[in-house]
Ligand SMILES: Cc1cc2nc3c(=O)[nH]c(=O)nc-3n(C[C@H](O)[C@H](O)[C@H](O)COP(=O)(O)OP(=O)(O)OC[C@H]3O[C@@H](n4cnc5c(N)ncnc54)[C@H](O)[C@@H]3O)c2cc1C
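Only one chain comes next, encoded as structure tokens, the form predicted on its own.
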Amino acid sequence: MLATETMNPVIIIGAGLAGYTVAREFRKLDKLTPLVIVTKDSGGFYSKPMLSNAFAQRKTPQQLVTQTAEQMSGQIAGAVLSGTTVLRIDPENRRVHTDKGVLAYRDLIIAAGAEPVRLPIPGNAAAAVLSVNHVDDYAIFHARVGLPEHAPATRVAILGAGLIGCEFADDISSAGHAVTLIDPNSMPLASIAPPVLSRGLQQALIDKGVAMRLGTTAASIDHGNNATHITLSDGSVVEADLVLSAVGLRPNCTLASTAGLTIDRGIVVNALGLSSDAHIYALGDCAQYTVGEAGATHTMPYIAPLMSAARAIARTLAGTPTPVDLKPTPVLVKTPSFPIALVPPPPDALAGGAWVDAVVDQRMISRFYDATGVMVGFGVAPQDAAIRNTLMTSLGRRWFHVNRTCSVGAEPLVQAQAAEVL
């Protein structure tokens, strides 16, 4: 037993951004309750969003880790149990079973993150496909890209042209490597961006030298002569030195599921961030938040919801029940060639709604209006804080549109003018 029964600690599973943020926030409010972070990795702190823009900045894996586990332990005035794997959670007795012993807890926070989705692609080189979801993954990828036999430029094929795939494509090509982006959709960022911005990003990446193989998928991945051969579903073959999978992330719910917590796509939590157990919370990529009065739940794998959840859970654990504030916040796509800010429309607003495009001061702006004419999402590129703030103030307002044009499909960008009526 690593904790006493008289003052059991708050335990956090996971030492990523979510875990350390909620620990910091809790310690600001409560100086006495013991705090323990359990992590199977080294426990060093790094900013995960940096993983997809580190190449262009010539960052080594060591440079990404800004604080060691020992430094973080001092910062949160708590214990960081690195190299410790959680085997199971016992909610009834409030115990966490690890490979190094059993921990009792007062309250438990699951910040287990998400795991890369791996497609079941056949071929004798499929097992060599890499994913980068942790600084340790980045270390492996960084070393492989730098192998001298790949000089002067490593050929990198990226599976998936979503947010992470596009960020890696921009970043790796900026470092002088040859990138091929492969995706079944006809445009990058197809699932979250308005078409006009997807087309703009596509052209920016092409101008940078990124090869696009869109509307097709990897049918098999095999070793060839001095290269990996990715055979596509259209019959063509892409040769690469490395293959990076960026097809998506899946919330890590294994421990929560075996503990009997309510799981959907993620660990379902209420407005306070509390799971179906009265002493277990969840946040970050593994959580499925309750949004709005109707009680709809969504996974929200972005920084802003994570930070809001960390502050709210910390206050609740410190004695002031606080709902997680999940106001719309722009998602910043880290593609310097075409920097985009997005507030994707909520899924229930898509039916009957439409994107309306405009060009203002050489920016592409696309606003999404729901079926009643209320603006519920937007995208803009190039973006900065001023235009983001301006567009944020327009969310929730109803507009009357002149030259209203639905941007779904292949229509060219249309100048759209709008006048506020409410």
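Residues carry their position along the shown sequence, with the first being 1. No experiment lies behind these values; they were computed from the predicted model shown.
Below, we refer to the form predicted in complex with this ligand, which is not included among the displayed structures.
Point to revise | Contact assignment for this ligand in the model of the complex, among 40, 59, 388, 27, heavy atom within 4.5 Å | key: Checked against the cut-off, the match is 40.
Check your understanding: Between the options 222, 241, 277, 167, which residue brings a heavy atom to within 4.5 Å of this ligand in the model of the complex?
Key -> Checked against the cut-off, the match is 167.
Exercise for review: Please run the contact check for residue 113 against this ligand in the model of the complex: heavy atoms, 4.5 angstroms, yes or no?
Suggested key: Looking in the model of the complex, residue contacts with this ligand include residue 113, since a heavy atom lies within 4.5 Å.
Review point. Using heavy atoms and a 4.5 Å limit, would one call residue 157 a contact residue for this ligand in the model of the complex?
Key: Close contact is absent here: in the model of the complex, residue 157 is far from this ligand, nothing within 4.5 Å, heavy atoms only.
Check your understanding: Looking at the partner-bound form in the model of the complex, is residue 373 within 4.5 Å of this ligand by any heavy atom?
Key -> No, no contact at 4.5 Å.
Review point. So in the model of the complex, does any heavy atom of residue 303 sit within 4.5 Å of this ligand?
Key: The answer is yes: residue 303 has a heavy atom within 4.5 Å of this ligand.
**Study point:** Candidate site 11, 96 and 268: all three near this ligand in the model of the complex by heavy atom within 4.5 Å
**Key:** Heavy-atom distance to this ligand in the model of the complex: none of the three under 4.5 Å.
Check your understanding: Residues in which of 269-277, 196-204, 283-291, 313-321 have heavy atoms within 4.5 Å of this ligand in the model of the complex?
Key -> Going by heavy atoms within 4.5 Å, the stretch is 283-291.
Check your understanding: If we check this ligand in the model of the complex, which of the residues in 17-35 reach within 4.5 angstroms of it by a non-hydrogen atom?
Key -> 17, 18, 19, in sequence order.
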